[in-house]
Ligand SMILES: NC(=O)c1ccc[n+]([C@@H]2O[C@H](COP(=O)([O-])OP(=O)(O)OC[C@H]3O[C@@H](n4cnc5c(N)ncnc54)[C@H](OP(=O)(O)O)[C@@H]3O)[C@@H](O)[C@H]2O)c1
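Coming up is one lone chain in structure tokens, specifically the form predicted on its own.
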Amino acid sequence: MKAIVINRFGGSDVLELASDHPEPTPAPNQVLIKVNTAGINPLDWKICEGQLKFLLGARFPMILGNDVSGEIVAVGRDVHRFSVGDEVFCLVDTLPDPSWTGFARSGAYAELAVTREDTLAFKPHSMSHREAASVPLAALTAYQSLVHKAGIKPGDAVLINGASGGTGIFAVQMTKALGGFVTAVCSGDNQAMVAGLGADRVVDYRAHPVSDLDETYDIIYDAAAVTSFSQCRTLLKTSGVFISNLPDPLGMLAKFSYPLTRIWGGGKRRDFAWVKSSGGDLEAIRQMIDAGKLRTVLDRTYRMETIRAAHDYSRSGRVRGKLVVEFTDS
């Protein structure tokens, strides 16, 4: 099968298109997916550079990619909820058993990919494969941060920093779907797009830095990972929570020592996003999509042969929404 692989860590120049990579075989609790489209995320080039080798190891050749939309072509003997021919999407985890960290093993940049049944959801009826492939990682990160970590409630005031990025576009819409009031922070160039996603207030960070805002919030979600708890603490309400997409040492300590967090922050707390493959969460996201409460924003679509350009563009910081790479001619 064709697959995009790396044989060493590095920049986009280490990405290679292999035409005869061995096809994966599903374990009893896995399915084999014919990949129509794969999503492209900053996580992919961070793995490529070796930034996560302490979690994922360094076994080569390595297939990158985390988001998949496609059709099931084979199922393991212990798979019961899905069948051959089902159209599905997921955050791929090629490990038969979840890792102790919960971190998924990538493998989406290929014509065929394996993943566990518990990572799957049916593809939204209202989306093409191209659109669906742009959803899992970013939407799961936003959903798990807002719902599981922050415990968002109707009426909550939520500040989303990085609202025009891959995760931010979903965080804005989810907050509205769950009854929150959204203040969205992005560049002036992206304000119209973010307002169109339903944000109640849009702030240009160049004109109004987050730390200078004069309101308080129940939740501050820094999807851009450019601020800190200490910078934003005065913007949090008494029992507010600050979540960043990038863990810091104090944030990781606070996650495991919540009583100390209450002392330091006066009841305010901090956490960080740590996305996990979850078919259940993805099903909740699918329902939002098919109910018309959630949509994706596609920036660019690439072919396998142009994956290096895709990674270069993702690194540029100029992406508005999501990037995908197609593995079929349909």
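The numbering used is simple: start at 1 and walk along the sequence shown. All values reported here derive from a predicted model rather than from experimental measurement.
Another form exists, predicted in complex with the named molecule; not displayed. Remarks below refer to it.
- You can rule out all but one of 62-70, 22-30, 287-295, 37-45: in the model of the complex, only 37-45 has residues with a heavy atom within 4.5 Å of the named molecule.
- Using a 4.5 Å heavy atom cutoff, none of Thr175, Leu235 and Arg269 lies near the named molecule in the model of the complex.
- The named molecule in the model of the complex comes within 4.5 Å of no heavy atom belonging to Val14.
- Taking the partner from the other structure, the named molecule in the model of the complex has no heavy atom within 4.5 Å of any heavy atom of Leu120.
- Using a 4.5 angstroms limit between non-hydrogen atoms, Leu282 is distant from the named molecule in the model of the complex.
- Interface membership of Thr94, defined by any non-hydrogen atom within 4.5 Å of the named molecule in the model of the complex, is ruled out.
- In summary, among the residues Pro124, Gly107, Gly180, Gly162, the only one with a non-hydrogen atom within 4.5 Å of the named molecule in the model of the complex is Gly162.
- Distance criterion of 4.5 Å from any heavy atom to the named molecule in the model of the complex singles out Cys186 from the list Ala113, Ala132, Ala171, Cys186.
- Scanning 268-295 for heavy atoms within 4.5 Å of the named molecule in the model of the complex gives Ala273, Trp274, Val275 in sequence order.
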